[in-house]
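The chain below stands alone and is given in C-alpha cells; this is the form predicted on its own.
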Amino acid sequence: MKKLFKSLAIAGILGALMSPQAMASGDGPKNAKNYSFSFEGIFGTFDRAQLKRGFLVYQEVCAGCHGLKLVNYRNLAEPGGPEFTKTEAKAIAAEAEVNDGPNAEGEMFDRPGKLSDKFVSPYPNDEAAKAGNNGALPPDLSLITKSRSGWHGSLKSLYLYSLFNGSGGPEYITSLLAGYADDPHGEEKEGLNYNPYFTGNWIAMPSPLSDDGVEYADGTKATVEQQAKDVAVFLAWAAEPKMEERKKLGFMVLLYMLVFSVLLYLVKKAIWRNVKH
C-alpha cells in the first residue's frame, strides 16, 4: 500500500511538471513579476483610491479599444468597488452614448447612458473592431485577469504555487503593460511590438502607457508601472465585483463550522462520558 501511495505521489508531481505550462519553450512568455496587491489573501480588500485611479486609466487609455461588457455603470457606486457617489456614477454613465429603441416611429435612437446600462463597447461589432486595429480583435477586459495566467514553466507551474499566489492574472496585466522593450536580438516585425510577457513575445498593441499619461486627482505620480498596477487592480475588481462580500461570507461560514464542531465534540463527550471503551 505504501508503494502504491508513493507511486501515485511521484506520478502527480511528474504530471504537474509535465503540464503544458511547465513545458513552455524558451521562446515562451516570461513569468510575470509577483506584485503585492491589497486584495490578495483571505482578508484582502480593494484599495478604493487605487480602484478610482485604475478606472481613470481604463477610461482614458483602454476604453478606446477594449470593452467591459459584463460591468454595469451602477457597479461603480456599489459597496466593494470604487464606490463613486451615485451622482458621480450617473455622470460617468451619461458620458456614454447608448443606441436604443425602437421609438414610437420604429426607429433606433441614441441617448445618454444610464446606471442600468452596461459599459458601452467602443465598436459596434467585431468586424469594426478588427478594421480599426489592423485586423486584430482587442479582447473584452471584463474577465481578463481571470482568463490570463502570469506563471509559466519551472516550479511556478505547480498547482501548489497557484494555490497560494493565484493564477497571476493581475500580475500578468501589470507586467505586460509595463514590460514593452526592444527585442534583445535586435529583431523588428512590422506592425508588432516586442513584449517578453506576451505569448510569442510579439504583440499587435503598441505600448499604451507613458509617464504622466494621466493626471491623478490624489497626487499619485503617474509612472508607467503605477498606471499598469492601478488598471490591473481595477480589472481584477471588474472580474469579481463581489469579492469582498464573498470573503466575508466565507469567513463567517468557517467560523460557524468551527463553533459547530466544538459544540458537537462537547455533546459527544457528554453523551459518552459514562460509557467504558
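Because the structure is predicted, anything quoted here is derived from the model rather than measured. We number the residues from 1 along the sequence you see.
Omitted from view is the form predicted in complex with a small molecule, to which the following refers.
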property	result
The small molecule: the contacting residue among Met243, Ala222, Ala239, Leu209 in the model of the complex [heavy atom, 4.5 Å]	Leu209
In the model of the complex, the residue from Ile203, Ile92, Leu143, Val71 that sits within 4.5 Å of the small molecule by heavy atoms	Ile203
Partner contact for Asn133 in the model of the complex: the small molecule, 4.5 angstroms, heavy atom	yes
Proximity of Pro139 to the small molecule in the model of the complex, heavy atoms at 4.5 Å	yes
Contact label in the model of the complex: Phe119 to the small molecule, heavy atom within 4.5 Å	no
4.5 Å heavy atom contact, His152 and the small molecule in the model of the complex	no
Site check Phe37, Val233 and Lys248: each within 4.5 Å of the small molecule in the model of the complex by heavy atom	no
Stretch in contact in the model of the complex with the small molecule, which is absent here, among 76-84, 166-174, 92-100, 182-190 (heavy atoms within 4.5 Å)	166-174
